[in-house]
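Listed next as structure tokens is one chain, alone, in the form predicted on its own.
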Amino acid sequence: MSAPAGRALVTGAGGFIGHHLVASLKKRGFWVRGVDLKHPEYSDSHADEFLVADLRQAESCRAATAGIDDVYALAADMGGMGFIANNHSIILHNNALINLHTIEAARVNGVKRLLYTSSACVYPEFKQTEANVSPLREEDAYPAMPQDAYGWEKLITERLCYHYREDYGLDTRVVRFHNIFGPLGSWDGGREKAPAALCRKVARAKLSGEHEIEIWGDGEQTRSFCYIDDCVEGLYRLMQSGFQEPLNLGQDRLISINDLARIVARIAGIEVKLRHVPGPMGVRGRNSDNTLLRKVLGWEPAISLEDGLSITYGWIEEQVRGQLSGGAAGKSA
């Protein structure tokens, strides 16, 4: 048996992106430790070792990073716009503790590289006031004015990575996610993101025969959406690169929430009426400028929104069918 490509830690391995990343790293030949408050909900983890631990505690972070070469720091207390808009203090408190302890533990344990997963939420609200927004470049993060506590904490931890690199020589990476989606993630309960929520709503409309769904606000708010397989590919490429500054990771196709709902409905094979209701909308428009991504990695996300949504919708419809029949749809590999 050949030696592993390296020893990797994925924090937040029980979550959506972390679970997919563990599977991807295993396919590349890494020995992988996952850590989270819980195991993945929809499919067994592929990790060689999975620790159920609270990374808000310093001792948990020291145990998780022991004997590790590469840390992929994904752990976060977060969710969709509804959760973010109503839990500012919890998000700032919990995520600050997770990240402060993780990076210090990585330093103490001699980790070679640490990749921190930041967010497009770091970008200033004043650059995102129009639906037809200009794509956001990495340098646009300053002067700083994120919309919410989630964005502020992400930006602070970006700075923490910079200073640990300058002061201690820890080789850090920073990636800014732009709306990652796909199967095996939260689709109900309040923490799901827009694509999953819309897939759930459309699936319920299809299965109930009542072809009407609710959209928060007027639905003209815009985003770009990146499929999970492209996300984990980009994470690996960034970790292997020598690039240490923040880097966008997302698609650069801007689309409104209304149009996103219509695409999902077409995939489901139905027409839906959109009923607009009050609700948190976040910034008016946000898109990724991938110029630096292409330059640094010689690559950019290639899976189309329609192809990614087809896979995601099929999985979520299966979950909704299971829910409506009175039980869970069950785990799937």
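In case it trips you up, residue 1 is the first one in the sequence shown, and so on. Since the structure is predicted, the reported quantities are computational estimates derived from the model, not experimental observations.
The discussion below concerns the form predicted in complex with ligand NAD, not included here.
- Proximity to ligand NAD in the model of the complex, defined as a heavy atom within 4.5 Å, singles out one entry of K193, H101, R113, K206, which is K193.
- When ligand NAD is considered in the model of the complex, only one residue from L198, V174, V71, L74 comes within 4.5 Å through any heavy atom, namely L74.
- Within 4.5 Å of some heavy atom of ligand NAD in the model of the complex lies at least one heavy atom of I17.
- Proximity of R56 to ligand NAD in the model of the complex: non-hydrogen atoms within 4.5 Å are present.
- Ligand NAD is not drawn, but in the model of the complex it has a heavy atom within 4.5 Å of Y150.
- By the criterion of a heavy atom within 4.5 Å, R275 is excluded from the residues contacting ligand NAD in the model of the complex.
- The partner is not drawn, yet in the model of the complex one stretch among 74-82, 237-245, 123-131, 210-218 has residues with heavy atoms inside 4.5 Å of ligand NAD: 74-82.
- Contacts between stretch 170-191 and ligand NAD, counted in the model of the complex as any heavy atom lying within 4.5 Å, involve F177, N179, I180, listed in sequence order.
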